[in-house]
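A single chain comes next, written as structure tokens; it is the form predicted alone.
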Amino acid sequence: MSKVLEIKNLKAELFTPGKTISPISGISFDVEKGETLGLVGESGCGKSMTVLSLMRLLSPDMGRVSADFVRLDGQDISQFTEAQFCKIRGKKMSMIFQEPMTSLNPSLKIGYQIAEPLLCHDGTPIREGMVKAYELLRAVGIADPERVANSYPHNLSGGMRQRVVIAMAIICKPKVLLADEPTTALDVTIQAQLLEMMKTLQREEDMGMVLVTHDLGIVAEYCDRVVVMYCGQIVEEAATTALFALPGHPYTKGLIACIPKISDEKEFLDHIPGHVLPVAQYESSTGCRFAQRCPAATPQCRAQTPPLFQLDVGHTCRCWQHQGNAIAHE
């Protein structure tokens, strides 16, 4: 396998009145061809901001994104101008957004919206693009593609709109697909259908995929590796089987403990006590950002920021409990 996406020290800064805040800082990971990387954590931990930053979807007056490098299929795209980036956004790297109704133009028919990336990137004639749109609608499980292609977004159900957004994202056969909680608002049956369909399309095209989710059940079923985020940082990274078998970070352990089990006879579900730090306090906080919620926190945890420690091959963890291990290269 070869790396299709490599990210080193990705950082996003947002401009607020009187202060610049950093919702993500020092994010580094890579994705192999045909691999699904899960990006997990609580709401507000920086998952969506990470993929939005990779797609450069922060307007210049809202904030800025920087990185040591972002290599897409071996090419460093971190220093691309906006004009250069527009040529790869939607073609080599594409994104499925969390809410399909806000991702689709309410005034344009579905068929044209699916075909538009081909028209823009490849100069495909509209007639040929529409034929491809019909094919993709059929591929994503829509039985009557001609009718749907001539419909508007408000004519479709949530599940059908999500299938349309997936078709839009893959029509140019991207090298990397960023999926931001693509099935969160759907019922469990439709979720399973869409995720299986995405895995099939991924195998056919040998795409790398970053799957953003807070559902550890989906991670266990569909992801090859997992990156756990907390307060804008990566706190653990491991192969999926290793993460569930032997989690290293107290936060990861807490997330796994929160999964309801049929065999449990508890009156209340498990939870992680406390609250996530406000984004404005990320940079000014000292020590581990999880320390105030961690049952195993020590004075060192509150005073010193831990680096990533190497627990095993491909398994790193940002926790002072593992300071006897080698420090991973960040």
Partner chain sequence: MAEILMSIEHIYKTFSVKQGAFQKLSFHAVNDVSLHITQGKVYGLVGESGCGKSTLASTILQLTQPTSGRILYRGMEVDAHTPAAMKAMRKDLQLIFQDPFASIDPKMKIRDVVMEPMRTHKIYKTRQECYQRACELMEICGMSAADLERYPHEFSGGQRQRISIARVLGMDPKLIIADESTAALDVSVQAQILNLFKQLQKDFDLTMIFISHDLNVIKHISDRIIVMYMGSVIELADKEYAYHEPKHPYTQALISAVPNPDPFQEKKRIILSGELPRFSNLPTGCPFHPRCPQCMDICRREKPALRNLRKGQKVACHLYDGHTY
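Positions refer to the first chain, counted from 1. Please read all numbers here as calculations on a predicted model, not as lab measurements.
One more form of this protein, predicted together with the partner chain, exists but is not displayed; see below.
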**Request:** Could you tell me which stretch in 268-276, 301-309, 65-73, 48-56 has residues with non-hydrogen atoms within 4.5 Å of the partner chain in the model of the complex?
**Result:** 268-276
**Request:** Report the residue, out of 255, 118, 176, 168, that has at least one non-hydrogen atom within 4.5 angstroms of the partner chain in the model of the complex.
**Result:** 255
**Asked** Just one of 79, 189, 200, 102 has a heavy atom within 4.5 Å of the partner chain in the model of the complex. Which one?
**Response** 189
**Request:** Tell me, yes or no, whether residue 216 is in contact with the partner chain in the model of the complex, where a contact means a heavy atom of each within 4.5 Å.
**Result:** yes
**Message:** I'd like to check something about residue 193: if you look in the model of the complex, is any of its heavy atoms closer than or equal to 4.5 Å to a heavy atom of the partner chain?
**Reply:** yes
**Item:** Distance check, residue 155 to the partner chain in the model of the complex, heavy atom within 4.5 Å
**Value:** yes
**Asked** Is residue 225 close to the partner chain in the model of the complex, meaning a heavy atom pair under 4.5 Å apart or at it?
**Response** no
**Contact at 220, 245 and 264 by the partner chain in the model of the complex, all three, heavy atom at most 4.5 Å** = yes
**Prompt:** Going through 297-319 from first to last, which residues have a non-hydrogen atom within 4.5 Å of the partner chain in the model of the complex?
**Reply:** none
